[in-house]
Ligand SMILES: Cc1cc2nc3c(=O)[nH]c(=O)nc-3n(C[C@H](O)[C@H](O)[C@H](O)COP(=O)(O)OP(=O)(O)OC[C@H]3O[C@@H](n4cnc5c(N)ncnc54)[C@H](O)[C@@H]3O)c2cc1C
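Have a look below at one chain only, the form predicted alone, in C-alpha coordinates format.
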(Lines give C-alpha, C1' and ligand atoms only; values in the text may rest on other atoms or scores of the structure.)
Protein backbone atom coordinates (compact mmCIF):
# COMPACT_ATOMS: atom_id res chain seq x y z
CA UNK A 1 0.00 0.00 0.00
CA UNK A 2 1.30 3.46 -0.94
CA UNK A 3 1.50 5.97 1.95
CA UNK A 4 0.53 9.58 1.09
CA UNK A 5 2.89 12.28 2.34
CA UNK A 6 0.93 14.17 5.05
CA UNK A 7 2.21 17.56 3.91
CA UNK A 8 0.35 17.13 0.60
CA UNK A 9 -2.95 15.97 2.11
CA UNK A 10 -4.12 19.52 2.65
CA UNK A 11 -3.74 20.20 -1.09
CA UNK A 12 -6.04 17.28 -2.10
CA UNK A 13 -9.59 18.23 -3.08
CA UNK A 14 -12.52 16.80 -1.18
CA UNK A 15 -14.11 13.80 -2.89
CA UNK A 16 -16.74 11.23 -2.10
CA UNK A 17 -15.71 7.70 -1.31
CA UNK A 18 -17.60 4.45 -0.94
CA UNK A 19 -16.38 0.96 -0.27
CA UNK A 20 -19.64 -0.51 -1.67
CA UNK A 21 -20.16 -1.73 -5.25
CA UNK A 22 -21.00 0.87 -7.89
CA UNK A 23 -23.44 -1.61 -9.39
CA UNK A 24 -26.33 0.33 -7.92
CA UNK A 25 -25.47 3.33 -10.12
CA UNK A 26 -27.42 2.89 -13.37
CA UNK A 27 -24.87 4.65 -15.56
CA UNK A 28 -26.57 3.24 -18.63
CA UNK A 29 -29.26 5.90 -18.35
CA UNK A 30 -26.70 8.43 -19.63
CA UNK A 31 -26.43 7.00 -23.12
CA UNK A 32 -28.15 8.04 -26.32
CA UNK A 33 -26.62 5.23 -28.41
CA UNK A 34 -26.10 1.60 -27.48
CA UNK A 35 -24.05 -1.26 -28.98
CA UNK A 36 -25.98 -4.13 -30.53
CA UNK A 37 -24.72 -7.48 -31.78
CA UNK A 38 -25.72 -7.62 -35.43
CA UNK A 39 -24.39 -10.13 -37.92
CA UNK A 40 -23.96 -8.58 -41.36
CA UNK A 41 -23.47 -10.02 -44.83
CA UNK A 42 -19.87 -11.01 -45.62
CA UNK A 43 -18.58 -9.84 -48.99
CA UNK A 44 -18.07 -13.46 -50.06
CA UNK A 45 -21.66 -14.50 -49.38
CA UNK A 46 -22.92 -11.32 -51.00
CA UNK A 47 -21.48 -12.67 -54.26
CA UNK A 48 -22.41 -16.34 -53.73
CA UNK A 49 -25.22 -17.18 -56.18
CA UNK A 50 -26.05 -20.34 -54.21
CA UNK A 51 -26.41 -18.38 -50.96
CA UNK A 52 -23.98 -20.41 -48.86
CA UNK A 53 -23.45 -19.21 -45.27
CA UNK A 54 -19.70 -19.12 -45.78
CA UNK A 55 -18.42 -17.22 -42.74
CA UNK A 56 -20.45 -19.28 -40.26
CA UNK A 57 -19.23 -22.54 -41.79
CA UNK A 58 -15.61 -21.34 -41.77
CA UNK A 59 -15.93 -20.38 -38.11
CA UNK A 60 -17.24 -23.85 -37.25
CA UNK A 61 -14.37 -25.54 -39.11
CA UNK A 62 -11.84 -23.27 -37.40
CA UNK A 63 -13.26 -24.35 -34.03
CA UNK A 64 -12.86 -28.01 -35.02
CA UNK A 65 -16.62 -28.53 -35.47
CA UNK A 66 -16.23 -30.01 -38.94
CA UNK A 67 -19.37 -32.13 -38.94
CA UNK A 68 -21.48 -29.17 -37.81
CA UNK A 69 -20.04 -27.10 -40.67
CA UNK A 70 -20.79 -29.88 -43.16
CA UNK A 71 -24.39 -30.14 -41.91
CA UNK A 72 -24.80 -26.37 -42.17
CA UNK A 73 -23.54 -26.32 -45.76
CA UNK A 74 -25.73 -29.26 -46.82
CA UNK A 75 -28.78 -28.00 -44.92
CA UNK A 76 -30.16 -26.27 -48.03
CA UNK A 77 -27.54 -26.89 -50.72
CA UNK A 78 -27.84 -30.45 -52.06
CA UNK A 79 -24.70 -30.30 -54.21
CA UNK A 80 -21.75 -28.97 -52.17
CA UNK A 81 -19.27 -31.62 -53.35
CA UNK A 82 -20.29 -30.84 -56.94
CA UNK A 83 -20.22 -27.05 -56.63
CA UNK A 84 -16.86 -27.24 -54.84
CA UNK A 85 -15.50 -28.69 -58.08
CA UNK A 86 -17.29 -26.78 -60.85
CA UNK A 87 -18.26 -23.39 -59.40
CA UNK A 88 -16.28 -20.40 -60.80
CA UNK A 89 -16.25 -19.14 -57.17
CA UNK A 90 -17.08 -15.43 -57.64
CA UNK A 91 -17.13 -15.28 -53.82
CA UNK A 92 -13.33 -15.31 -53.77
CA UNK A 93 -13.03 -12.20 -55.95
CA UNK A 94 -14.16 -9.92 -53.09
CA UNK A 95 -12.94 -12.00 -50.15
CA UNK A 96 -11.52 -9.51 -47.65
CA UNK A 97 -8.58 -11.86 -47.05
CA UNK A 98 -7.27 -10.65 -50.42
CA UNK A 99 -5.79 -7.73 -48.48
CA UNK A 100 -4.08 -10.06 -46.01
CA UNK A 101 -2.37 -12.82 -47.99
CA UNK A 102 -4.91 -13.97 -50.56
CA UNK A 103 -8.56 -15.00 -50.73
CA UNK A 104 -9.82 -17.97 -48.77
CA UNK A 105 -10.01 -21.03 -51.05
CA UNK A 106 -13.77 -21.16 -50.54
CA UNK A 107 -14.39 -23.57 -53.42
CA UNK A 108 -11.92 -26.05 -51.91
CA UNK A 109 -13.56 -25.68 -48.50
CA UNK A 110 -16.99 -26.34 -50.06
CA UNK A 111 -15.61 -29.44 -51.76
CA UNK A 112 -14.10 -30.63 -48.46
CA UNK A 113 -17.38 -30.18 -46.57
CA UNK A 114 -19.36 -31.81 -49.40
CA UNK A 115 -17.05 -34.82 -49.53
CA UNK A 116 -17.30 -35.12 -45.75
CA UNK A 117 -21.11 -35.24 -45.74
CA UNK A 118 -22.10 -38.09 -48.07
CA UNK A 119 -23.70 -40.02 -45.21
CA UNK A 120 -27.49 -39.53 -44.78
CA UNK A 121 -26.80 -38.60 -41.16
CA UNK A 122 -25.74 -35.17 -42.46
CA UNK A 123 -29.18 -34.48 -43.94
CA UNK A 124 -31.53 -32.14 -42.07
CA UNK A 125 -34.58 -33.67 -40.43
CA UNK A 126 -37.50 -33.66 -42.82
CA UNK A 127 -40.60 -31.71 -41.78
CA UNK A 128 -43.91 -33.55 -41.30
CA UNK A 129 -45.81 -34.26 -44.50
CA UNK A 130 -47.97 -31.40 -45.79
CA UNK A 131 -49.92 -33.65 -48.14
CA UNK A 132 -48.97 -31.38 -51.07
CA UNK A 133 -47.27 -32.62 -54.23
CA UNK A 134 -44.89 -30.79 -56.55
CA UNK A 135 -43.65 -31.76 -60.03
CA UNK A 136 -40.23 -30.47 -61.09
CA UNK A 137 -39.58 -30.52 -64.84
CA UNK A 138 -35.84 -30.93 -65.30
CA UNK A 139 -33.29 -32.87 -63.25
CA UNK A 140 -30.43 -30.39 -63.47
CA UNK A 141 -29.00 -28.29 -60.60
CA UNK A 142 -31.95 -25.86 -60.37
CA UNK A 143 -34.50 -28.68 -60.35
CA UNK A 144 -32.50 -30.73 -57.85
CA UNK A 145 -32.11 -27.77 -55.47
CA UNK A 146 -35.82 -26.91 -55.67
CA UNK A 147 -36.85 -30.54 -55.15
CA UNK A 148 -34.46 -31.06 -52.23
CA UNK A 149 -35.66 -28.02 -50.31
CA UNK A 150 -39.34 -28.73 -50.92
CA UNK A 151 -38.93 -32.36 -49.85
CA UNK A 152 -37.21 -31.28 -46.63
CA UNK A 153 -40.14 -28.90 -46.05
CA UNK A 154 -42.52 -31.90 -46.06
CA UNK A 155 -43.89 -31.85 -49.61
CA UNK A 156 -44.02 -34.81 -51.97
CA UNK A 157 -41.70 -34.08 -54.91
CA UNK A 158 -41.25 -35.85 -58.24
CA UNK A 159 -38.56 -34.77 -60.70
CA UNK A 160 -39.21 -35.60 -64.37
CA UNK A 161 -36.18 -35.70 -66.68
CA UNK A 162 -35.80 -36.90 -70.26
CA UNK A 163 -32.30 -38.32 -69.75
CA UNK A 164 -31.56 -41.88 -68.52
CA UNK A 165 -30.23 -40.54 -65.19
CA UNK A 166 -30.69 -37.24 -63.29
CA UNK A 167 -28.16 -34.46 -63.11
CA UNK A 168 -28.85 -32.52 -66.30
CA UNK A 169 -25.79 -30.75 -67.65
CA UNK A 170 -23.80 -31.89 -64.61
CA UNK A 171 -23.96 -35.38 -66.08
CA UNK A 172 -24.07 -34.70 -69.82
CA UNK A 173 -21.83 -31.63 -70.13
CA UNK A 174 -19.16 -31.62 -67.41
CA UNK A 175 -16.33 -34.13 -67.92
CA UNK A 176 -15.01 -36.44 -65.22
CA UNK A 177 -11.71 -34.55 -65.00
CA UNK A 178 -13.74 -31.73 -63.45
CA UNK A 179 -16.60 -33.67 -61.85
CA UNK A 180 -16.26 -37.45 -61.36
CA UNK A 181 -19.56 -39.30 -61.96
CA UNK A 182 -19.26 -40.99 -58.56
CA UNK A 183 -19.46 -37.62 -56.79
CA UNK A 184 -22.61 -36.61 -58.65
CA UNK A 185 -24.21 -40.02 -58.10
CA UNK A 186 -23.59 -39.89 -54.35
CA UNK A 187 -25.10 -36.42 -54.04
CA UNK A 188 -28.20 -37.41 -56.04
CA UNK A 189 -28.55 -40.49 -53.82
CA UNK A 190 -28.74 -38.17 -50.81
CA UNK A 191 -31.42 -36.10 -52.54
CA UNK A 192 -33.42 -39.30 -53.03
CA UNK A 193 -32.87 -40.16 -49.37
CA UNK A 194 -34.33 -36.75 -48.50
CA UNK A 195 -37.60 -37.84 -50.14
CA UNK A 196 -37.29 -36.81 -53.81
CA UNK A 197 -38.47 -39.22 -56.52
CA UNK A 198 -36.75 -39.12 -59.92
CA UNK A 199 -38.63 -40.25 -63.02
CA UNK A 200 -36.11 -40.43 -65.86
CA UNK A 201 -36.58 -41.02 -69.58
CA UNK A 202 -39.73 -38.90 -69.49
CA UNK A 203 -40.03 -35.79 -71.63
CA UNK A 204 -42.75 -33.31 -70.76
CA UNK A 205 -44.58 -32.49 -73.98
CA UNK A 206 -43.91 -35.93 -75.42
CA UNK A 207 -44.63 -38.51 -72.71
CA UNK A 208 -46.74 -36.33 -70.44
CA UNK A 209 -48.43 -32.97 -70.95
CA UNK A 210 -48.16 -29.87 -68.78
CA UNK A 211 -51.93 -29.86 -68.22
CA UNK A 212 -51.77 -33.42 -66.89
CA UNK A 213 -49.04 -32.41 -64.46
CA UNK A 214 -51.14 -29.48 -63.26
CA UNK A 215 -54.01 -31.87 -62.57
CA UNK A 216 -51.87 -34.40 -60.69
CA UNK A 217 -49.72 -31.95 -58.69
CA UNK A 218 -50.39 -28.90 -56.56
CA UNK A 219 -47.52 -26.99 -58.18
CA UNK A 220 -45.18 -27.40 -61.16
CA UNK A 221 -41.66 -25.99 -61.43
CA UNK A 222 -40.05 -25.64 -64.87
CA UNK A 223 -36.27 -25.99 -64.60
CA UNK A 224 -35.23 -27.51 -67.92
CA UNK A 225 -31.97 -25.61 -68.48
CA UNK A 226 -30.18 -25.07 -71.79
CA UNK A 227 -29.49 -28.11 -73.97
CA UNK A 228 -30.24 -27.01 -77.53
CA UNK A 229 -27.05 -25.88 -79.35
CA UNK A 230 -27.14 -22.83 -81.58
CA UNK A 231 -26.05 -23.15 -85.23
CA UNK A 232 -23.02 -21.35 -86.66
CA UNK A 233 -24.99 -19.84 -89.52
CA UNK A 234 -22.18 -20.20 -92.11
CA UNK A 235 -21.97 -22.12 -95.41
CA UNK A 236 -20.86 -25.72 -95.11
CA UNK A 237 -22.07 -26.35 -91.57
CA UNK A 238 -24.41 -29.10 -92.73
CA UNK A 239 -21.42 -31.36 -93.47
CA UNK A 240 -21.33 -34.64 -91.44
CA UNK A 241 -17.99 -33.61 -89.95
CA UNK A 242 -19.51 -30.48 -88.39
CA UNK A 243 -20.68 -31.58 -84.96
CA UNK A 244 -23.06 -30.20 -82.36
CA UNK A 245 -20.84 -29.58 -79.33
CA UNK A 246 -23.52 -30.38 -76.73
CA UNK A 247 -24.44 -33.69 -78.37
CA UNK A 248 -20.82 -34.71 -79.04
CA UNK A 249 -19.77 -33.96 -75.47
CA UNK A 250 -22.67 -35.98 -74.11
CA UNK A 251 -21.68 -38.99 -76.25
CA UNK A 252 -18.07 -38.79 -75.06
CA UNK A 253 -19.11 -38.50 -71.40
CA UNK A 254 -21.36 -41.54 -71.77
CA UNK A 255 -18.28 -43.53 -72.75
CA UNK A 256 -18.70 -43.52 -76.51
CA UNK A 257 -15.62 -43.09 -78.66
CA UNK A 258 -16.99 -42.01 -82.04
CA UNK A 259 -14.75 -41.96 -85.09
CA UNK A 260 -13.69 -38.34 -85.34
CA UNK A 261 -11.39 -36.35 -87.63
CA UNK A 262 -7.79 -36.03 -86.48
CA UNK A 263 -7.78 -32.22 -86.12
CA UNK A 264 -10.95 -30.30 -85.21
CA UNK A 265 -11.85 -26.64 -84.74
CA UNK A 266 -13.92 -25.93 -81.61
CA UNK A 267 -15.83 -22.70 -82.19
CA UNK A 268 -16.77 -20.82 -79.02
CA UNK A 269 -15.38 -19.35 -75.82
CA UNK A 270 -17.70 -20.64 -73.12
CA UNK A 271 -17.50 -23.54 -70.71
CA UNK A 272 -18.98 -25.96 -73.26
CA UNK A 273 -16.26 -25.05 -75.76
CA UNK A 274 -13.55 -25.60 -73.15
CA UNK A 275 -15.03 -28.92 -72.03
CA UNK A 276 -15.36 -30.10 -75.65
CA UNK A 277 -11.78 -29.11 -76.51
CA UNK A 278 -10.26 -30.70 -73.42
CA UNK A 279 -12.33 -33.87 -73.85
CA UNK A 280 -11.33 -34.19 -77.51
CA UNK A 281 -7.69 -33.90 -76.48
CA UNK A 282 -8.14 -36.80 -74.06
CA UNK A 283 -9.51 -39.13 -76.76
CA UNK A 284 -6.71 -38.43 -79.21
CA UNK A 285 -8.10 -35.56 -81.28
CA UNK A 286 -6.10 -32.37 -81.83
CA UNK A 287 -8.46 -29.46 -80.93
CA UNK A 288 -8.06 -25.87 -82.10
CA UNK A 289 -10.21 -23.29 -80.28
CA UNK A 290 -11.58 -20.48 -82.46
CA UNK A 291 -13.06 -17.52 -80.58
CA UNK A 292 -14.17 -14.16 -81.93
CA UNK A 293 -13.09 -12.05 -78.94
CA UNK A 294 -9.92 -11.96 -76.82
CA UNK A 295 -9.12 -14.19 -73.86
CA UNK A 296 -10.23 -11.42 -71.49
CA UNK A 297 -13.79 -11.50 -72.88
CA UNK A 298 -14.19 -15.28 -72.76
CA UNK A 299 -17.28 -16.29 -70.74
CA UNK A 300 -15.66 -19.60 -69.74
CA UNK A 301 -14.31 -20.07 -66.22
CA UNK A 302 -10.83 -18.47 -66.36
CA UNK A 303 -9.21 -21.38 -64.53
CA UNK A 304 -10.51 -23.80 -67.14
CA UNK A 305 -9.10 -21.67 -69.97
CA UNK A 306 -5.73 -21.59 -68.23
CA UNK A 307 -5.84 -25.37 -67.71
CA UNK A 308 -6.65 -25.91 -71.39
CA UNK A 309 -3.70 -23.76 -72.40
CA UNK A 310 -1.42 -25.60 -69.97
CA UNK A 311 -2.48 -28.85 -71.63
CA UNK A 312 -1.21 -27.51 -74.95
CA UNK A 313 -4.50 -26.74 -76.71
CA UNK A 314 -4.13 -24.20 -79.53
CA UNK A 315 -6.22 -20.99 -79.34
CA UNK A 316 -7.10 -18.57 -82.15
CA UNK A 317 -8.44 -15.40 -80.55
CA UNK A 318 -10.17 -12.52 -82.37
CA UNK A 319 -11.15 -15.03 -85.04
CA UNK A 320 -14.66 -15.62 -86.41
CA UNK A 321 -15.66 -18.44 -88.80
CA UNK A 322 -17.16 -17.44 -92.14
CA UNK A 323 -17.26 -20.77 -94.02
CA UNK A 324 -16.57 -24.46 -93.56
CA UNK A 325 -14.19 -25.33 -96.40
CA UNK A 326 -15.28 -28.55 -98.12
CA UNK A 327 -13.17 -30.06 -100.94
CA UNK A 328 -13.96 -33.35 -102.70
CA UNK A 329 -16.64 -34.04 -100.09
CA UNK A 330 -14.43 -33.67 -97.03
CA UNK A 331 -13.71 -30.81 -94.63
CA UNK A 332 -10.25 -29.33 -95.23
CA UNK A 333 -10.43 -26.16 -93.19
CA UNK A 334 -12.43 -23.43 -91.48
CA UNK A 335 -12.32 -20.11 -93.28
CA UNK A 336 -12.16 -17.29 -90.74
CA UNK A 337 -11.99 -13.52 -90.51
CA UNK A 338 -9.75 -11.66 -88.07
CA UNK A 339 -11.66 -9.41 -85.69
CA UNK A 340 -10.93 -6.28 -83.68
CA UNK A 341 -12.76 -5.13 -80.60
CA UNK A 342 -15.08 -2.16 -80.86
CA UNK A 343 -17.51 -0.56 -78.42
CA UNK A 344 -19.20 -2.64 -75.69
CA UNK A 345 -22.41 -4.42 -76.68
CA UNK A 346 -25.46 -5.33 -74.57
CA UNK A 347 -23.42 -8.00 -72.75
CA UNK A 348 -20.95 -5.36 -71.52
CA UNK A 349 -18.12 -6.92 -73.54
CA UNK A 350 -16.46 -5.13 -76.45
CA UNK A 351 -18.15 -6.00 -79.73
CA UNK A 352 -16.01 -7.92 -82.27
CA UNK A 353 -15.74 -6.11 -85.60
CA UNK A 354 -14.43 -7.82 -88.80
CA UNK A 355 -11.12 -6.62 -90.19
CA UNK A 356 -11.57 -6.08 -93.92
CA UNK A 357 -9.43 -8.31 -96.12
CA UNK A 358 -8.21 -10.48 -93.22
CA UNK A 359 -9.68 -13.80 -94.37
CA UNK A 360 -7.57 -16.88 -93.72
CA UNK A 361 -8.10 -20.63 -93.34
CA UNK A 362 -7.51 -22.70 -90.20
CA UNK A 363 -6.53 -26.17 -91.49
CA UNK A 364 -8.82 -28.74 -89.82
CA UNK A 365 -10.62 -31.97 -90.73
CA UNK A 366 -13.77 -31.25 -88.72
CA UNK A 367 -15.61 -28.58 -86.76
CA UNK A 368 -17.47 -28.56 -83.43
CA UNK A 369 -19.94 -25.76 -82.72
CA UNK A 370 -20.12 -24.56 -79.13
CA UNK A 371 -21.36 -20.98 -79.35
CA UNK A 372 -24.10 -21.21 -76.75
CA UNK A 373 -27.28 -23.10 -75.99
CA UNK A 374 -30.96 -22.36 -75.63
CA UNK A 375 -33.90 -24.10 -73.98
CA UNK A 376 -36.58 -26.33 -75.50
CA UNK A 377 -39.82 -24.74 -74.24
CA UNK A 378 -42.29 -26.08 -76.80
CA UNK A 379 -44.27 -27.86 -74.08
CA UNK A 380 -45.23 -24.51 -72.54
CA UNK A 381 -48.17 -22.38 -73.68
CA UNK A 382 -47.13 -19.26 -75.61
CA UNK A 383 -48.17 -17.03 -72.71
CA UNK A 384 -45.50 -18.70 -70.56
CA UNK A 385 -42.72 -18.18 -73.10
CA UNK A 386 -40.60 -15.10 -73.67
CA UNK A 387 -38.30 -15.97 -76.55
CA UNK A 388 -35.76 -18.50 -75.28
CA UNK A 389 -36.77 -17.90 -71.65
CA UNK A 390 -39.75 -18.78 -69.51
CA UNK A 391 -41.98 -15.76 -68.94
CA UNK A 392 -41.64 -15.53 -65.16
CA UNK A 393 -41.84 -12.46 -62.95
CA UNK A 394 -39.42 -11.47 -60.18
CA UNK A 395 -41.14 -13.98 -57.88
CA UNK A 396 -40.36 -16.81 -60.38
CA UNK A 397 -44.09 -17.12 -61.09
CA UNK A 398 -45.33 -17.76 -64.66
CA UNK A 399 -48.68 -16.60 -66.14
CA UNK A 400 -49.93 -20.20 -65.79
CA UNK A 401 -51.47 -20.60 -62.33
CA UNK A 402 -49.48 -22.93 -60.12
CA UNK A 403 -46.55 -23.05 -62.57
CA UNK A 404 -43.19 -21.63 -61.49
CA UNK A 405 -39.74 -21.51 -63.09
CA UNK A 406 -36.09 -21.47 -62.08
CA UNK A 407 -32.57 -21.70 -63.45
CA UNK A 408 -31.10 -20.70 -66.79
CA UNK A 409 -34.54 -20.55 -68.45
CA UNK A 410 -35.30 -17.59 -66.19
CA UNK A 411 -32.01 -15.86 -65.45
CA UNK A 412 -29.71 -17.05 -68.23
CA UNK A 413 -26.89 -16.95 -65.66
CA UNK A 414 -25.31 -20.07 -67.08
CA UNK A 415 -23.59 -21.40 -63.95
CA UNK A 416 -24.40 -24.39 -61.77
CA UNK A 417 -24.11 -22.20 -58.67
CA UNK A 418 -26.67 -19.67 -59.87
CA UNK A 419 -29.03 -22.52 -60.80
CA UNK A 420 -28.79 -23.97 -57.28
CA UNK A 421 -29.49 -20.57 -55.76
CA UNK A 422 -32.52 -20.03 -57.94
CA UNK A 423 -33.76 -23.53 -57.11
CA UNK A 424 -33.62 -22.60 -53.44
CA UNK A 425 -35.50 -19.36 -54.07
CA UNK A 426 -38.28 -20.94 -56.12
CA UNK A 427 -38.68 -23.60 -53.44
CA UNK A 428 -39.30 -20.86 -50.87
CA UNK A 429 -41.92 -19.23 -53.10
CA UNK A 430 -43.69 -22.53 -53.83
CA UNK A 431 -43.62 -23.46 -50.13
CA UNK A 432 -45.39 -20.18 -49.30
CA UNK A 433 -47.92 -20.82 -52.06
CA UNK A 434 -48.67 -24.34 -50.80
CA UNK A 435 -48.81 -23.62 -47.07
CA UNK A 436 -50.44 -20.17 -47.02
CA UNK A 437 -52.52 -20.28 -50.17
CA UNK A 438 -51.05 -17.03 -51.45
CA UNK A 439 -47.93 -15.84 -53.23
CA UNK A 440 -45.24 -13.78 -51.47
CA UNK A 441 -44.78 -10.19 -52.58
CA UNK A 442 -41.31 -11.11 -53.85
CA UNK A 443 -38.96 -14.07 -54.03
CA UNK A 444 -36.55 -13.81 -51.09
CA UNK A 445 -32.86 -13.23 -51.81
CA UNK A 446 -31.07 -16.53 -51.42
CA UNK A 447 -29.05 -15.18 -48.47
CA UNK A 448 -32.36 -14.35 -46.80
CA UNK A 449 -33.02 -18.09 -46.50
CA UNK A 450 -30.28 -18.59 -43.89
CA UNK A 451 -31.27 -20.06 -40.55
CA UNK A 452 -29.75 -17.12 -38.65
CA UNK A 453 -30.69 -13.42 -38.75
CA UNK A 454 -28.34 -11.31 -40.88
CA UNK A 455 -28.64 -7.66 -41.87
CA UNK A 456 -28.71 -8.08 -45.66
CA UNK A 457 -28.57 -4.31 -46.13
CA UNK A 458 -25.05 -4.16 -44.66
CA UNK A 459 -22.26 -5.91 -46.57
CA UNK A 460 -18.91 -5.99 -44.79
CA UNK A 461 -15.93 -5.01 -46.93
CA UNK A 462 -12.33 -4.62 -45.83
CA UNK A 463 -12.90 -0.94 -44.98
CA UNK A 464 -15.30 -1.97 -42.19
CA UNK A 465 -12.79 -4.34 -40.55
CA UNK A 466 -10.30 -3.47 -37.81
CA UNK A 467 -6.96 -4.31 -39.49
CA UNK A 468 -5.02 -4.14 -36.21
CA UNK A 469 -6.09 -7.72 -35.47
CA UNK A 470 -5.17 -9.38 -38.79
CA UNK A 471 -1.80 -10.46 -40.11
CA UNK A 472 -0.90 -11.59 -43.62
CA UNK A 473 -1.09 -15.36 -44.09
CA UNK A 474 -0.53 -16.71 -47.62
CA UNK A 475 -3.18 -18.69 -49.48
CA UNK A 476 -2.26 -22.38 -49.81
CA UNK A 477 -1.64 -24.08 -53.15
CA UNK A 478 -4.02 -26.87 -54.14
CA UNK A 479 -2.66 -30.09 -55.64
CA UNK A 480 -3.31 -30.77 -59.31
CA UNK A 481 -2.30 -33.29 -61.95
CA UNK A 482 0.66 -32.47 -64.17
CA UNK A 483 -0.55 -31.08 -67.55
CA UNK A 484 1.26 -33.83 -69.44
CA UNK A 485 -0.54 -36.53 -67.43
CA UNK A 486 -3.88 -34.80 -67.97
CA UNK A 487 -3.75 -34.95 -71.76
CA UNK A 488 -4.49 -38.67 -71.96
CA UNK A 489 -6.75 -39.23 -68.95
CA UNK A 490 -10.15 -38.19 -67.64
CA UNK A 491 -8.79 -38.44 -64.07
CA UNK A 492 -9.78 -35.54 -61.83
CA UNK A 493 -7.37 -32.63 -62.35
CA UNK A 494 -7.71 -30.74 -59.08
CA UNK A 495 -7.15 -32.21 -55.65
CA UNK A 496 -8.71 -31.17 -52.36
CA UNK A 497 -7.79 -30.37 -48.76
CA UNK A 498 -6.93 -32.84 -46.04
CA UNK A 499 -8.71 -32.31 -42.71
CA UNK A 500 -5.68 -30.51 -41.24
CA UNK A 501 -5.38 -28.29 -44.32
CA UNK A 502 -9.08 -27.44 -44.19
CA UNK A 503 -8.87 -26.40 -40.54
CA UNK A 504 -5.78 -24.29 -41.26
CA UNK A 505 -7.52 -22.59 -44.18
CA UNK A 506 -10.66 -21.93 -42.12
CA UNK A 507 -8.49 -20.24 -39.50
CA UNK A 508 -7.33 -17.80 -42.17
CA UNK A 509 -10.94 -16.69 -42.64
CA UNK A 510 -11.67 -13.27 -41.12
CA UNK A 511 -15.31 -14.29 -40.43
CA UNK A 512 -16.40 -10.89 -41.73
CA UNK A 513 -19.58 -9.48 -40.24
CA UNK A 514 -20.11 -12.54 -38.02
CA UNK A 515 -19.48 -12.77 -34.28
CA UNK A 516 -17.06 -15.62 -33.56
CA UNK A 517 -16.69 -14.95 -29.81
CA UNK A 518 -13.24 -13.41 -30.09
CA UNK A 519 -14.05 -11.63 -26.75
CA UNK A 520 -12.62 -8.23 -27.72
CA UNK A 521 -15.88 -6.57 -26.70
CA UNK A 522 -15.74 -8.23 -23.29
CA UNK A 523 -12.07 -7.35 -22.72
CA UNK A 524 -12.31 -3.69 -23.77
CA UNK A 525 -15.59 -2.72 -22.09
CA UNK A 526 -14.60 -0.12 -19.44
CA UNK A 527 -17.86 -0.62 -17.55
CA UNK A 528 -17.72 -4.42 -17.35
CA UNK A 529 -21.17 -4.28 -18.95
CA UNK A 530 -20.61 -7.24 -21.29
CA UNK A 531 -20.87 -10.85 -20.14
CA UNK A 532 -20.91 -14.32 -21.71
CA UNK A 533 -24.23 -16.10 -22.10
CA UNK A 534 -23.18 -19.07 -20.03
CA UNK A 535 -23.19 -22.18 -22.21
CA UNK A 536 -24.98 -20.39 -25.07
CA UNK A 537 -23.13 -18.73 -27.94
CA UNK A 538 -22.46 -14.99 -27.74
CA UNK A 539 -22.61 -12.18 -25.20
CA UNK A 540 -25.17 -10.04 -23.38
CA UNK A 541 -24.89 -6.31 -22.80
CA UNK A 542 -26.07 -4.91 -19.46
CA UNK A 543 -28.22 -1.99 -20.57
CA UNK A 544 -28.27 -0.52 -17.05
CA UNK A 545 -24.52 0.00 -17.00
CA UNK A 546 -23.42 0.34 -20.64
CA UNK A 547 -22.85 4.06 -21.28
CA UNK A 548 -22.76 3.68 -25.08
CA UNK A 549 -19.11 4.74 -25.36
CA UNK A 550 -18.71 2.59 -28.47
CA UNK A 551 -15.30 1.15 -27.58
CA UNK A 552 -16.59 -2.40 -28.12
CA UNK A 553 -17.82 -1.47 -31.59
CA UNK A 554 -14.49 0.12 -32.52
CA UNK A 555 -12.49 -2.85 -31.25
CA UNK A 556 -14.65 -5.54 -32.91
CA UNK A 557 -12.29 -6.91 -35.58
CA UNK A 558 -15.04 -8.02 -37.96
CA UNK A 559 -17.84 -5.41 -37.68
CA UNK A 560 -20.30 -7.69 -35.89
CA UNK A 561 -21.41 -4.89 -33.53
CA UNK A 562 -23.31 -1.72 -34.39
CA UNK A 563 -24.18 1.44 -32.47
CA UNK A 564 -27.93 2.04 -32.46
CA UNK A 565 -29.77 5.14 -31.27
CA UNK A 566 -31.57 4.62 -27.98
CA UNK A 567 -35.31 4.92 -28.44
CA UNK A 568 -36.95 6.99 -25.75
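Worth saying up front: this structure is predicted, and the values here are computed from it rather than measured. Numbering follows the first chain given and starts at 1.
Only in words, not in the display: the form predicted in complex with the ligand, which the text now covers.
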Checklist entry - Of the residues 92, 307, 187, 275, which one places a heavy atom within 4.5 Å of the ligand in the predicted complex? => result 275
Checklist outcome for this item: Checked 133, 214, 323, 163 for heavy atoms within 4.5 Å of the ligand in the predicted complex; positive is 163
Next on the checklist: Heavy atoms within 4.5 Å of the ligand in the predicted complex: which stretch in 467 to 475, 138 to 146, 108 to 116, 452 to 460 meets that?
Outcome noted: 138 to 146
Next on the checklist: How about residue 271 - does it come within 4.5 Å of the ligand in the predicted complex, if we only consider non-hydrogen atoms?
Outcome noted: yes
Next on the checklist: Does any part of residue 198 reach within 4.5 Å of the ligand in the predicted complex? Heavy atoms only, please.
Outcome noted: no
Checklist entry - Taking heavy atoms and a 4.5 Å cut-off, does residue 281 contact the ligand in the predicted complex? => result no
Checklist entry - Any chance residue 80 has a heavy atom within 4.5 Å of the ligand in the predicted complex? => result no
Checklist entry - Mind listing which residues of 547 to 562 have a heavy atom within 4.5 Å of the ligand in the predicted complex? => result none
